[in-house]
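In the block that follows, a single chain appears as structure tokens, in the form predicted on its own.
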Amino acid sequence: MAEPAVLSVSELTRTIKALLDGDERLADVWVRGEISNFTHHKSGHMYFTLKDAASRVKAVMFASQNRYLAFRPEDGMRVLARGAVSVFERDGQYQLYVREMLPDGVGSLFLAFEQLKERLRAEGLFDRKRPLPTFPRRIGVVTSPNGAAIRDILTTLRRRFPLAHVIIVPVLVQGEEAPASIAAGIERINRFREVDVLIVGRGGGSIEELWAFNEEIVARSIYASSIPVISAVGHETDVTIADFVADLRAPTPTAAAELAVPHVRELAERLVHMEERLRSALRRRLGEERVRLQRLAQSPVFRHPRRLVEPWMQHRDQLDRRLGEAFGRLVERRRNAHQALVRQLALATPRQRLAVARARWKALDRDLARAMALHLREAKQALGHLLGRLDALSPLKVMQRGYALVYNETGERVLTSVRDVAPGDTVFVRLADGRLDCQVWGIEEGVQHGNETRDGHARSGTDL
């Protein structure tokens, strides 16, 4: 029987830790419970226990995570904690490593916020960030006409950039009808086509009061806007879905107005600074050019300009003289060529050219006749030679010496072997002066020499 595997305590703990770390369900889990034994260590880490009526679990939230908490945890507070479950190997205890934590009262809203945020992020609605115009002429504001936000925005715009024209689109910013009202306001301002930048937002409030800016309809209307959008919802610590979709997030409505327009005082200071830089650059350039002018005025070119021109005048005279000589030579050559052509034309009248052509034609005609006669004579000689050779090779010449041609009974084929006929067949014999119709009475193979054939065998038979 095999002995059971024995694990050390460390090995057992590491095995359990690996199992917990490998479970995807425990890598991102929300836990609701009451805080007890809360300790905020001097290192910044928070150690506490989450408990309910039946059980409890140790939890830790490191300083890098808890610095973003919007509230201060205390014993007895019911919270909603998000994190991962793992094992602290030294104590062999599993615990919750918390990344986010909210008071339990807003837990459901926050879950809905997180789910919508992740879905819109996956669709790419958070990726587009358009630049804002530097000097907007018209600014649209989508907000409540009665809140403090619109007063802060208008005051800031008038103070910073009174040249801009503000178009206010009044909407509901709180309540069940607020999301549709905000979306309709954004769509309505986009139809003007003359607004350069758009501010969408409201003043501060609880998460429930700001929830209209976490609705999907508002997020998609901001993304569909052809006008760059600045989101200005609540205070600096408030974050909504609209902030992620907008081209720029402002911490407050006042800050949104400051981001939308430049300050006229700053522009004036920049203009003064640029004017000073321009004046300084012009003075520096003027001084440099004045020094350059003085240096040029002292140069030999300006003091004695004729010295610069005299060599070129001399060179011009030389070129003029060379041009005159070359032109004279060219005229002389052309005059001589013209005289030669006149002489040739005088000697080559049409009648004279016709007589020369006729004499040349007669000479060519005589040469052609002699060439044709010579060619014809040579061709006749060649033809006679070929006819002689053809006559020597003619079958009729051979037949005149006693030879004959034997054809089959149809006269279509020459017989070359005794195997081509049988006794009783009719054959035709062609002689030099006629044809014989014959019948085969006997057949003897081989060439006869006396009474024997070449192969030594004699056969009796009747001659043709």
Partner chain sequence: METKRAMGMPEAELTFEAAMQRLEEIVQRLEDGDVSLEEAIELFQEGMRLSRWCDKKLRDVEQRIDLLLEEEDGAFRLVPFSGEEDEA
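Since the structure is predicted, the reported quantities are computational estimates derived from the model, not experimental observations. Positions refer to the first chain, counted from 1.
Keep in mind that the form predicted in complex with its partner chain is not shown, yet the notes after this line are about it.
D317, heavy atom within 4.5 angstroms of its partner chain in the predicted bound form: No.
4.5 angstroms heavy atom contact with its partner chain in the predicted bound form for F126: No - in the predicted bound form, heavy atoms of F126 and its partner chain never come within 4.5 Å of each other.
Residue contact check: F161 to its partner chain in the predicted bound form, 4.5 Å heavy atom: Because a heavy atom of F161 falls inside 4.5 Å of its partner chain in the predicted bound form, the answer is yes.
Residue contact check: A183 to its partner chain in the predicted bound form, 4.5 Å heavy atom: No, no contact at 4.5 Å.
Among 368-376, 204-212, 91-99, 134-142, the region lying within 4.5 Å of its partner chain in the predicted bound form by heavy atom distance: Looking at the other structure, the answer is 134-142.
Triple contact flag V169, I189 and R277 to its partner chain in the predicted bound form, non-hydrogen atom at 4.5 angstroms: Yes: V169, I189 and R277 each sit within 4.5 Å of its partner chain in the predicted bound form.
Contact residue in the predicted bound form, chosen from A178, A250, L80, L157 - any heavy atom within 4.5 Å of its partner chain: Of A178, A250, L80, L157, the residue with a heavy atom within 4.5 Å of its partner chain in the predicted bound form is L157.
The unique member of A337, V301, L282, L386 whose heavy atoms fall within 4.5 Å of its partner chain in the predicted bound form: Contact check passes for L282.
Partner contacts in the predicted bound form for 251-276 (non-hydrogen atom within 4.5 angstroms of its partner chain): V264, L267, A268, R270, L271, M274, E275 sit within 4.5 Å of the partner.
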